[in-house]
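Quick setup: the structure tokens below cover two forms of a single protein chain, split into structure 1 and structure 2.
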Structure 1
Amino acid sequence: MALNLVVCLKQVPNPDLQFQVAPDGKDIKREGLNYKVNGADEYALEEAVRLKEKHGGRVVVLTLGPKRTEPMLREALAKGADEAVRVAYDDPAAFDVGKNARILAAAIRTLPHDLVLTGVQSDDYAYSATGGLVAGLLGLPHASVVTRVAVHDGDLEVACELEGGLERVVALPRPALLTIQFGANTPRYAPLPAIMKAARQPIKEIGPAALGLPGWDAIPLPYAFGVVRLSPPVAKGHAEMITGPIPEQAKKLAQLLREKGFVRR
């Protein structure tokens, strides 16, 4: 029952950073940002590697993005992926999730896949849409916000997280697509020898021609998408901000807690 597993990985700017809007208002300033693998995707990769270890098969990691994504793909190889594929779509912003998903779906068609895994959402744009779109486009059954995966002979049984800690367990046949939730497992660290080996492994590149397209803009879209503008958020409300040296902040916090009656005597 060897499984062909495909994991979609996205590289995102480290979300702990502070961001500035580019002068034209169409993107953030990208110089000097550091990038990392999207949080939920780490769980998707780990789930795939565990399924391979348990049932046999191969894990292919697939990303859509510029050359800077290569270290992320190598890290995935070091963590147990067998092959890395980069769809060479170089738009650094790539705001249009529909276009991204259509290109990804076209790439997945060229790969053997019993199970496609994505993260539940991306930490940068938070659409939670790539996995579902790819499933719809490829006609795959799918389940979202998955926290547990069990593979049986003919099918899969998975637990999908709902609001408030409820879980819905569903069964679905393969091939299928799952979006994996944070905390579904404990992602491993890459062992040093594997990191060294991965540094030498080739990364397969897919350009538009390989998918039968003259260019990425030739991918048929049922709509026109545009970014109107980015701006700093206008908050509905905002905290009264306390800054300054720690001892002073501590005094203010203690005073506030006393005033409001939260300090037990």
Structure 2
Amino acid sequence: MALNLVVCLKQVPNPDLQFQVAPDGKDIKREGLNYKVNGADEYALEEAVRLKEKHGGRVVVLTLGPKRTEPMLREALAKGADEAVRVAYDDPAAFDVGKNARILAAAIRTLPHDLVLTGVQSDDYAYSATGGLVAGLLGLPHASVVTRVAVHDGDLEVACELEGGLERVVALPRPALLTIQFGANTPRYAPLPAIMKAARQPIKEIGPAALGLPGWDAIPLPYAFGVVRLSPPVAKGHAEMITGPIPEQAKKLAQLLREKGFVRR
């Protein structure tokens, strides 16, 4: 029951950085930024590697992005992926999730896939839409916010996180697409020998022609999309700073909590 597993990875700006809006107001300033793998995608990769280790098969990692994404792909190879594919799409912002999903779906069609895994959402845009859109475009059954995956002879049993600590367990036929929740597993560290080996492995680069597309700017879309403005959120309210010696600060804080109705005596 060897599985062909495809994992979609996204590279995002390091969230620890302070971002500034670019002069045109439609993106952040990207000069000098450093990037990392999207947080939820790390759990998707780990889930795929664990399934491969348990059931056999191959893990292919796939990303949509410029040349700078290749170190992320090599890290995935060092953690257990067997092949890395980069769709050479050089839009540094790539805001249009519908267009991104169409390109990813076209790439996945060229790969054997029993199971496609993505992270539940991206750290930068947090749309939580890419996985579901790709599933729809490929005609695959899918489940979102997945915390546990079990593979049986003909189908999958997956647990999906719901509000209030509840979970829903569903059965899906294969092939299928799952979006993996944060904390579904514990992502592994790459050992040094694997890192050295991954540094020598080739990364397959594909463009629109290989996907049967006329060009990145000629993909037929059912809508028009454009970024009007990007801006920091407007500050609301104010903070009250409590100063003085620690005992006085504690008394003032307790009094404030009582006045606000958080503490009743």
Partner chain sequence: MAGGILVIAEHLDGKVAPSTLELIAAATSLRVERHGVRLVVFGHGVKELADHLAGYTVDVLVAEHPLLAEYTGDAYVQAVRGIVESTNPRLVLIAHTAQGYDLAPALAGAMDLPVLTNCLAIDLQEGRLVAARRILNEKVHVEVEVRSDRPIVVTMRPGATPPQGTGRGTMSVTEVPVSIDPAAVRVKFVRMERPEVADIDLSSADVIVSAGRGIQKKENLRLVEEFAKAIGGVVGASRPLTDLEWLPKTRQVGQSGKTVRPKLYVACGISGAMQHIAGMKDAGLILAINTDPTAPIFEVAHVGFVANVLELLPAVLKELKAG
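Keep in mind it's a predicted model, so treat the numbers as computed, not measured. What we label the rigid core is the largest C-alpha set whose atoms superpose within 1.5 Å from one form to the other. When a residue number appears, read it as a position in the sequence of structure 1, where counting begins at 1.
Asks: Pick one: which structure is the form predicted alone?
Replies: That would be structure 2, which is the form predicted alone.
Asks: Rigid core superposed, CA of Leu257 - does it shift 2 Å or more between the two structures?
Replies: Moves: yes, 2 Å or greater.
Asks: Under a superposition restricted to the rigid core, does Asp24 display a Cα displacement of 2 angstroms or more between the two structures?
Replies: After core superposition, the C-alpha of Asp24 moves less than 2 Å between the two structures.
Asks: Rigid core superposed, Glu248 Cα shift between the two structures in Å?
Replies: Its C-alpha shift, to one decimal, is 12.5 Å.
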